[in-house]
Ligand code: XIL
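A single chain, nothing else alongside it, follows as structure tokens in the form predicted alone.
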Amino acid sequence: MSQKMSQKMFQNNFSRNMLTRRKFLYSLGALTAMGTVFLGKDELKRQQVLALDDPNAEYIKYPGDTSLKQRARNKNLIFGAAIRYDQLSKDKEYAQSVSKECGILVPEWGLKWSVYPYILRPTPETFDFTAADWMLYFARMYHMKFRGHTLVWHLSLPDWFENTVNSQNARTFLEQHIKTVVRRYKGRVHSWDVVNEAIEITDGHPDGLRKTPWLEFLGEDYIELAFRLAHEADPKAILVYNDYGLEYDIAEDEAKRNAVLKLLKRLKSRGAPIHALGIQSHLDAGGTNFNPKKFRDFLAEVADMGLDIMITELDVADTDLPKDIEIRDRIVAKTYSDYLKVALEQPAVTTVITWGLSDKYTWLNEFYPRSDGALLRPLLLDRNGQRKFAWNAIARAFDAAPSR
């Protein structure tokens, strides 16, 4: 299988996951039967969404020029973004925006095993650190922290993996990979997503674990092993378990929250060197079922284990919002505001990272496009690098957050 074909399979798998998620998030089950009869589902959904729009909301008002990284720093928080190497190296204006707003930088692709064309491990014996090294240099040049994503994931494995790795040699490959990558950046990486997305309830494992090659070859202990290897390679790095689908008051997310808590408790009980939970927080604007109390309680349970919490991949999809840009931008800003108001109440939340910074570069246009053909507007800057209502909302959330 070619690398491009492998990348296409990754995209298809990711798209299926997101479509399954949207089936829950945009369910019309909460609508009353009477309303459905008289107005129709489409009209009721439109009214539901428009009811979220408030042209006079405080969170859309510009709070002044101070950067997000400085506002976060004022409260002992860290703000940053996940960015691709090609975006930073080829777009000077975008690079300037990243350096101005971000206190931590995450390579969106360069430290995964293989995402075409950035193949960290092109052969079983070799590594290519070109993209990651350049991004580390950029981060250090602008006094940003640097974060690693990700050491162990079931997706983005190189072409050679399937015919090379098996139950006899999987531990050797995992150990070699983690030690080589983490040692290269020892002392220069703030935190690592050691294991990414290891929970998938629908796979049917008793503990909710996802069926992956690592689980098949090494059993349940592969997760603990990965954390121990990473800690051995860099004892000072913050080690994170990272996952999605933890935010909403729906059965799917409730089951996943419980499975993640179970995993974290198991790792802690065994003395594994895990320091934080990463919550991806790919949110949906309009029609979502966000329950502040349930999410607040979940964060408290994680914090009670002595773990920090990092918001690691924050963005807000506006796929199903009206086409009107002003309305879309206000509802997206509201989604950021409502979510961060709850998240930042929890003192264990130390970091907020968005998955991209500008609408010019968002994965959602490719994976999750609008049916009307309009480009999505899920991030903090528009395609010209101008601050949006979403930027205002995050700035105000940092200003209102209690200090750590």
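Please read all numbers here as calculations on a predicted model, not as lab measurements. Residue indices: 1-based, along the sequence shown.
There is also a form predicted together with the ligand; it is not shown, and the following applies to it.
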Work out which of E313, D284, D329, E247 lies within 4.5 Å of the ligand in the model of the complex, going by heavy atoms. E313
Exactly one of Y241, F79, W109, F298 comes within 4.5 Å of the ligand in the model of the complex through a heavy atom, and that residue is W109
Tell me the stretch among 140-148, 166-174, 224-232, 196-204 that has any heavy atom within 4.5 angstroms of the ligand in the model of the complex. 196-204
With the cut-off set at 4.5 Å between non-hydrogen atoms, does Y94 touch the ligand in the model of the complex? no
Closest heavy atom of W153 to the ligand in the model of the complex, within 4.5 Å or not? yes
If we define contact as a non-hydrogen atom of the residue within 4.5 angstroms of the partner, is W355 a contact of the ligand in the model of the complex? yes
Although the ligand is absent from this view, report whether F367 comes within 4.5 Å of it in the model of the complex, heavy atoms only. yes
